[in-house]
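Encoded as structure tokens, the following chain is the form predicted on its own, with no partner shown.
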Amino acid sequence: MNTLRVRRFIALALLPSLVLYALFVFVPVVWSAYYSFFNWSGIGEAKFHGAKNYVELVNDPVFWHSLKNNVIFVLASVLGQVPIALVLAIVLHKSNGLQRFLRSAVFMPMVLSSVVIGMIWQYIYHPQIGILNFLLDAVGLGSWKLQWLSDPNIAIYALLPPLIWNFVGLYLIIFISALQNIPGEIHDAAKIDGVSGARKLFSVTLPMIWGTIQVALILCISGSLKSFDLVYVMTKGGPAHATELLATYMYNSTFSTYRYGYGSTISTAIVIISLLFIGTSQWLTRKKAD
């Protein structure tokens, strides 16, 4: 009886959050998918367009280029943010003064808005007054100076350092919490068995926080696929769509060219691609865990 009451209380407590989540997440996604079958400028009557928007999307080279850029962002996040944060968490999970200071320093970008971070890195990459080209000149590597954000061949790669720098602090805190939740008895048992160093890391520590690593990978992939503000502030998807992402392309199609139907098609594609990426990552990590 008590168990039933507890379950009812939990269900009632979760109900407001579930209603709000459905109202502001699921309903807009379904509504967007509905309008993806219409030709609509946002004003006036929407005309049913069938699957023409999806046919155009499949044959749109900018869409595929944006998807390629998003894949680069996903790889940079998964292979950059997660390993760096994990190594820092292992080094900094104790709580002496220096470690607390370093944790705060790494976490600092998380309290800044993406707009501020984008403006900081715009100044770093500035071809005339930027500190990066100044440092290259100072160490005798003036020939390496580049137009970091205006060269279509390198602009997308120039966006990766601020992307990684921005979110390492978040995963650092998540991994430190997981490491600190490992029971002390596990460490004592490993010590008694003579397990230490790299063997303890790969045989005890990482398996104990593997669930947290999976969650971090999901956050990484979903966050990378919806990246928008940092890129929009630094390049607006240019030059010549060189740094266009799916989210910036969807925004430009919807609010710059007023093609709400086609923008809805792109946003629906983002949802489907995100689910495919997250499902694949979960399948791979579960297979590794088994």
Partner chain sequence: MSNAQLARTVSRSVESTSGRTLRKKWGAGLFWIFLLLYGILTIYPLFWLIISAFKSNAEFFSRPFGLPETWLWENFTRAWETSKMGTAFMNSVIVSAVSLALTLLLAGLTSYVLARFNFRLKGWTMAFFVVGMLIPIHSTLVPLFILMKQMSILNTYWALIFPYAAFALPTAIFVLTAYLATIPKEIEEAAYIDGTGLWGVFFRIMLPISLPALSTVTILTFLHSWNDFSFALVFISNAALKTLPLSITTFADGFQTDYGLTLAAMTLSVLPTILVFLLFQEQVMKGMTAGAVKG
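Residue numbers count along the first chain shown, from 1. Throughout, rigid core stands for the largest set of C-alpha atoms superposing within 1.5 Å between the two forms. No experiment lies behind these values; they were computed from the predicted model shown.
As for the form predicted together with its partner chain, it is not shown, yet the points below apply to it.
- For the three marked residues, S104, N181 and I270, a heavy atom of each sits within 4.5 Å of its partner chain in the model of the complex.
- This chain is drawn without its partner chain; in the model of the complex, the residue among N69, S264, T235, N53 with a heavy atom within 4.5 Å of it is S264.
- None of V195, M119, L160, I154 but one reaches within 4.5 angstroms of its partner chain in the model of the complex through a heavy atom, and that residue is M119.
- Comment: 164-172 is the region of 164-172, 185-193, 144-152, 199-207 lying near its partner chain in the model of the complex, near meaning a non-hydrogen atom within 4.5 Å.
- By the criterion of a heavy atom within 4.5 Å, H241 is excluded from the residues contacting its partner chain in the model of the complex.
- Taking the partner from the other structure, its partner chain in the model of the complex has a heavy atom within 4.5 Å of a heavy atom of L219.
- In the model of the complex, L284 stays away from its partner chain, with no heavy atom inside 4.5 Å.
- Although the partner is absent from this view, K226 contacts its partner chain in the model of the complex, with a non-hydrogen atom inside 4.5 angstroms.
- Residues of 82-96 that come within 4.5 Å of its partner chain in the model of the complex, judged by any heavy atom, are I84, L88, V91, L92 in sequence order.
- After superposition on the rigid core, the Cα of V58 moves by less than 2 Å between this form and the one not shown.
- Once you line up the core between this form and the one not shown, the Cα of A240 stays within less than 2 Å of where it was.
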